[in-house]
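For reference, the chain that follows is the form predicted on its own, supplied as structure tokens.
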């Protein structure tokens, strides 16, 4: 299918130049990988006057440590393939690499970006639950200045974020966690292995003193932290009785829908199954056992 609407295409060489265009052109939209925007343009679901291609902007395609060495900073042009290959990500956030491996196909991962994924804000996005669990910060810039938005406040509704007209996401920062004191697991349920959207996605982190972070995607309008369950697990051994209580709580936290890919009942059931399996995986990984990161758990 071809793109029927007309628009200007520009590829600025600097962030400042890109921001000027976005501020001036009311119908301009930024483009990084294009794996979300291009299909929407083809379907006529979005119309714009100007595409501002960001790929020529230097340093936005880098992964590195912050100056204070407390964060990993991921530039907004970093692709999922680059996340998988990054030694820094493999060392500090192997669970991020685990998530990235589940994204679509190799061809898509070579173009799609982490920043673009959260800007699309579709409920089935792959990275939403993971970034919630990692307590990510989104760094945004416009001609008016810079701001940092917690991932907890980023999503407003399906396909809607707090990003304003004229703003660009420049990077995503992740607070470092002592590698020897946490373990993570990312689980994604699809209809088949390969290029498919999530029916349910789940991220679990196991931290010291028997504490956990648990976040779900694709089972509510926006990614959601299961804070009630986290508090229920805090400082306790997860017994069968406690797990069953958590499954009952989950019914009050998530709100899956029925669509062509799965029914509400199936999503709810599998969310419970995935939580149980994910907890088992992080328990083993926390003690240096269990499957390697990137190996499916379903």
Partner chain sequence: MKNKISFILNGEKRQLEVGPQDTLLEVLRTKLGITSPKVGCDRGDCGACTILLNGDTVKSCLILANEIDGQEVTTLEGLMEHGILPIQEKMVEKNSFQCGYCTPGFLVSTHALLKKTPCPTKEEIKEGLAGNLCRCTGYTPIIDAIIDFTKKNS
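Residue numbers count along the first chain shown, from 1. These numbers were taken from a predicted model, which means no experiment stands behind them.
As for the form predicted together with its partner chain, it is not shown, yet the points below apply to it.
Taking the partner from elsewhere, no residue among 92, 97 and 135 has a non-hydrogen atom within 4.5 angstroms of its partner chain in the predicted complex. The partner is not drawn, yet in the predicted complex one stretch among 233-241, 62-70, 27-35, 248-256 has residues with heavy atoms inside 4.5 Å of its partner chain: 27-35. Residue contact with its partner chain in the predicted complex: residue 110 places a heavy atom within 4.5 Å of it.
Using a 4.5 Å cutoff between non-hydrogen atoms, residue 6 counts as a contact of its partner chain in the predicted complex.
A residue is said to contact a partner when one of its heavy atoms sits within 4.5 Å of a partner heavy atom; residue 55 meets this definition for its partner chain in the predicted complex.
In the predicted complex, its partner chain sits beyond 4.5 Å of every heavy atom of residue 180.
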